[in-house]
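The chain below stands alone and is given in structure tokens; this is the form predicted on its own.
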Amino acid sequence: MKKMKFFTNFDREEQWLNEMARQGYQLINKSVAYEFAPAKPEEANYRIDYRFFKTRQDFEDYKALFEDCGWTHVAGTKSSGAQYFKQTGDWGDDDIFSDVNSKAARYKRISDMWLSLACSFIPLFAVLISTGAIHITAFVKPKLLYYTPGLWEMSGSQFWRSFLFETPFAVMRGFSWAVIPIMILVYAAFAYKAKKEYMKSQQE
């Protein structure tokens, strides 16, 4: 079973994964979507870290360190960022982080990733706008996004077939720039969470 969800709060994501385990679904992979396998309902304890690794050996050493502490790596790759762990032993701590600062650092890493991604898209979109590949007037003149000759003079089923066929491409031409503010908003959400976690650590 696959489920599509997006979280900006690791604690809530962990709680949701624990709830899925109570319903009898065990996390086995995470890419674009969460992939679950049917399993016996259990009180699981999932934890999430966020890290990239330069080499495969660094990644394997990282997983082995958690294995030694009673945590099994259930999802995530060397370059995926998000790393999912499930507690497999009754011994050891109930959390993979030794202190609040370590917990907050994962928000800093993921916010930096989103900011870098947004910044890398800005030059590309500037070029696309300057060459006319993206129309910044799409909000006021959406018809300009449709290139089918004589589309607006068509009628009936012929119009709807042509209109529905081209609409996905028109949306991409006119509104693909929206990915930049979306990335910036996601960055802001994670940066705020990182700041909040760091402030909490200073109070303790």
Partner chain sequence: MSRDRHLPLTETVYYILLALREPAHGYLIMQKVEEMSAGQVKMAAGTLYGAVENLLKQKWIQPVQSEDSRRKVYVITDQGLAILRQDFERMKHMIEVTTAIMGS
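None of the values given here were measured: they were computed from a predicted structure. Numbering follows the first chain given and starts at 1.
Just so you know, the form predicted in complex with the partner chain exists too; it's not on screen, but the next bit is about it.
In the model of the complex, the partner chain sits within 4.5 Å of a heavy atom of residue 95. Shown alone here, residue 68 lies within 4.5 Å of the partner chain in the model of the complex, counting heavy atoms only. At least one heavy atom of residue 102 is located within 4.5 Å of the partner chain in the model of the complex.
When the partner chain is considered in the model of the complex, residue 42 lies well away from it, no heavy atom lying within 4.5 Å. This chain is drawn without the partner chain; in the model of the complex, the residue among 64, 151, 172, 144 with a heavy atom within 4.5 Å of it is 64. Residues are counted as partner-facing when one of their heavy atoms sits within 4.5 Å of the partner chain in the model of the complex; in 19-55 these are 51, 53, in sequence order.
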